[in-house]
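Let's start with one chain on its own, the form predicted alone, as structure tokens.
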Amino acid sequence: MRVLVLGSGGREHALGWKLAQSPQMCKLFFAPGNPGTAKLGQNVSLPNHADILAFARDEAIELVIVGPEKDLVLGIADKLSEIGVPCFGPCKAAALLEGSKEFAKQVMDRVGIPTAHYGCFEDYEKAVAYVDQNSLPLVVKADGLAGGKGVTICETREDAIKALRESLLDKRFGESGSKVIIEEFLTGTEASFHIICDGQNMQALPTAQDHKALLEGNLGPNTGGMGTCSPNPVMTEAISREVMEQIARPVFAYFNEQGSPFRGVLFVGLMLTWHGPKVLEFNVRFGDPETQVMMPMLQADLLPILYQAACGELKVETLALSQHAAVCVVLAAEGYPQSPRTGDLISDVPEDRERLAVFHAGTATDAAGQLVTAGGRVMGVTAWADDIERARKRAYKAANQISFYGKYMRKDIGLRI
């Protein structure tokens, strides 16, 4: 098959790493890709949807896999469908689940999915009044896409006021923050759960746990994710079934009823509370860095699974999973997540080998062809072994080997597991 993967991060590198292992793969393209994906296929520059559509036609692309949520929210799946190219990623109507947190909450309310109590506001004064009427801590979220950085956990009134001012008045997140969700702070254990769906049939992927806070002990500001581990032992078979039947299935049924079948992957961000699983958020694409640990855990050939789902004909009944455990440690640039430093030389990157892969995210090559930092999350070092502890040691050994100015990583990824 001739396949195009949209995106340039660690998620897309990990997907490409897995897809390249398929005996059905003929030619693999990435748009725009990164220095890591260039070793798996061909990186191409397709800066807008018109270019993507023209490339898909000219290169006889048989499947497009969409990494970034923005392309889905802007309707790339609908446009590809119009020219007869299967796309793994939901249509624009279904992608609004991630494009608007207010819409996601409305869907949850409509189909009876447990989530945090909330209010939605565009007016700053009304938002402040809501804060004063509710118990702290509270969570303030930008309604639209904010690159994983539009969420603030507010322990004090001052924290909440600052978050509301940044979003509603200072326009820190642009139009994405012109509306905010204020919701109760849920306590429990956070978990990530991914379900592939062809519009009706669904299949769960390996469980994973993200570590979103910047600092050890889950302290500091939220980030796009500082590391992950898989499997997540708190996601028991019973809880997984409950999420599939009580959360995912009603969502997929809702979009079927709306005439917008969900074909892609639904990422359910969960808080496992004493009262059962509650939904923190929905994403309509693979998680990053969850994908970096899910791919090594997946023994099945991923390519036909994604193609079948994109065509509405998912046939696989069970996914063959590894009995190993995997850990991904994210290496971040100095200043991440607020103002990451870029352009620093990266050296001593280990080659991929048995049970170890280094997935590029914020990297580039300079004019001299040297590998340099080009984003906040620079790389994800993923290792897998017989158990979490061995995987941690293998990942951290490789992570410590890589060198660039200001390199930062959490030291406790997978430790609580």
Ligand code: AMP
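The structure presented is a predicted model; accordingly, all values stated were derived computationally and were not measured. All residue numbers refer to positions in the sequence shown, first residue = 1.
What follows is about the form predicted in complex with adenosine monophosphate (AMP), which we do not show.
- Shown without its partner, this chain lists 159, 344, 102, 184 as candidates; in the predicted complex, only 184 has a non-hydrogen atom within 4.5 angstroms of adenosine monophosphate (AMP).
- This chain appears without its partner; in the predicted complex, the one residue of 120, 280, 321, 239 with a heavy atom within 4.5 Å of adenosine monophosphate (AMP) is 280.
- Contact with adenosine monophosphate (AMP) in the predicted complex, defined as any heavy atom within 4.5 Å, is confined among 162-170, 77-85, 307-315, 134-142 to 134-142.
- At a distance threshold of 4.5 angstroms between non-hydrogen atoms, residue 212 is in contact with adenosine monophosphate (AMP) in the predicted complex.
- Mapping the unseen interface onto this chain, residue 116 counts among the residues with a heavy atom inside 4.5 Å of adenosine monophosphate (AMP) in the predicted complex.
- Looking at residue 146, you'd find every heavy atom of it more than 4.5 angstroms from adenosine monophosphate (AMP) in the predicted complex.
- With a 4.5 Å cutoff on heavy atoms, residue 189 does not count as touching adenosine monophosphate (AMP) in the predicted complex; it lies far away.
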